[in-house]
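To begin, one chain is listed below as structure tokens, in the form predicted alone.
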């Protein structure tokens, strides 16, 4: 390969990278609303500060002591009241978290957002031959 060919190839790759990057970063990110987005982030911080992921999973990632909570918000017979009751009262294995009303609302908003954003049961995923997965 000649020097000129190398420079042309590097130039094409650089231009392609710049164009691709500018297209990706110009895609609009549409949050639900500024207030909901703030509540979701606050709920996520409560989830992290209380170390919920040590025992529970979201999207199949986390601890195995408690159940996966990805779709608990919309599960039949469960929902926000179910989540609130367990967080407030605890269980013999899970401590009782004395959250203030605003903290509980933020945590529930985070759980609702997680629930709407994906499914957690890997047994229901379709594994593509090229290595990606799709929820069913």
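Residue numbers count along the first chain shown, from 1. Remember, it's a predicted structure, so these values are computed and weren't measured experimentally.
Beyond what is shown, the protein has a form predicted together with a small molecule; the following relates to that form.
With the partner omitted from this view, the residue of 89, 61, 45, 65 that lies near the small molecule in the model of the complex is 65 [heavy atom within 4.5 Å]. In the model of the complex, at least one heavy atom of residue 94 sits within 4.5 Å of the small molecule. Within 4.5 Å of some heavy atom of the small molecule in the model of the complex lies at least one heavy atom of residue 107. Of the heavy atoms in residue 72, some are within 4.5 Å of the small molecule in the model of the complex.
Within 4.5 Å of any heavy atom of the small molecule in the model of the complex lies no heavy atom of residue 40.
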